[in-house]
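Quick heads-up: it's one chain on its own, the form predicted alone, in structure tokens.
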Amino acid sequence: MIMVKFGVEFVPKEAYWKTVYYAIQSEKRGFDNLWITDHYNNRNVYVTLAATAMYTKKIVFGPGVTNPFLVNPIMTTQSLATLDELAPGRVVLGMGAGDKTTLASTGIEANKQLSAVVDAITIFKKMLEGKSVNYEGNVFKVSGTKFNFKPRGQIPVYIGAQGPKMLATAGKIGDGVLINASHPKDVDYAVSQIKKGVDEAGKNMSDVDVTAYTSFSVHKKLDKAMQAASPVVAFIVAGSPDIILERHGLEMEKANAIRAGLKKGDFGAAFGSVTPKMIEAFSIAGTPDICNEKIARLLKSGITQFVVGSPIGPNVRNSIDLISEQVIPNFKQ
């Protein structure tokens, strides 16, 4: 039996206590990792994680993912180091380049994304040493920067990546890689790029927690699982480069209709343009048996952690129970 860790992602768009409730439920139901998304238009990720730390005992958690453009790397380090005091040894950092469209709405230009992520992680690791840090990167520079408290130590870093250079860099400098993909074609490609970075660093693939960060939707009825996945898939399609859409043989005309609908705020038109082929390409959606089959295929790519991401299912609470009863036991002894 292939052993894999199971993670779960929550978007803190609801009242904080609901997210905390889901976190408690996930821990009790056998999930290993908890990821909270970081977008300015939802509740604050660190407040949510702090509340989660107070009500859980063993689940490993962190932002999944934050970015260096909206939140300066120094502040990210301060936040994670403080969380690590609340929940010693249970905290990880998920860092990515951020979504250009979302960042643009805040007036931020996300330039030199790869350099920004590398700079941010370098600063993060140096600051956790508890010494005065001097660093001059391509995007971020610090001079004589030091905390007035002593961090507990290094915190594992997971890098969210899609493009070949970011994937290779993640394999080279990351403790884990968050692959934002759900289809074997995309995951196989991502793992091949991660391996290049791992080899360059003289590491082994076993040194890196290779994580499939999927859009997931499960229900006993197939149509309900598919329906719940459609809105999330619409946003994935809209944000995907054309080369990714072409890899899956998706019609550009329908993809552009989704993009236009989302841009105008016509969500009915956008979600209604999502096809079953798009759901197949950009999510794992279906009955428990269907989901189990798709997870098993991804594990053959070399995945060591599988994340059930938004929407999880038509009803989050019920879907967590269903996953714990009919999915996780198939991949854990």
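Worth saying up front: this structure is predicted, and the values here are computed from it rather than measured. We number the residues from 1 along the sequence you see.
This protein has a second form, the form predicted together with a small molecule, left out of what is shown; the following refers to that one.
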Please check if D99 has a heavy atom lying within 4.5 Å of any heavy atom of the small molecule in the predicted bound form.
-> yes
Do L178 and the small molecule share at least one heavy atom pair within 4.5 Å in the predicted bound form?
-> yes
Would H39 count as a contact of the small molecule in the predicted bound form, using a 4.5 angstroms cut-off between non-hydrogen atoms?
-> yes
With the partner left out of view, is Y158 within 4.5 angstroms of the small molecule in the predicted bound form by any non-hydrogen atom?
-> no
One stretch from 80-88, 143-151, 250-258, 159-167 that, in the predicted bound form, holds residues within 4.5 Å of the small molecule by heavy atom | 159-167
The single option of I284, L34, V65, L49 touching the small molecule in the predicted bound form, heavy atom within 4.5 Å | V65
Of L222, A201, L114, I108, the only residue with a heavy atom within 4.5 Å of the small molecule in the predicted bound form is L114
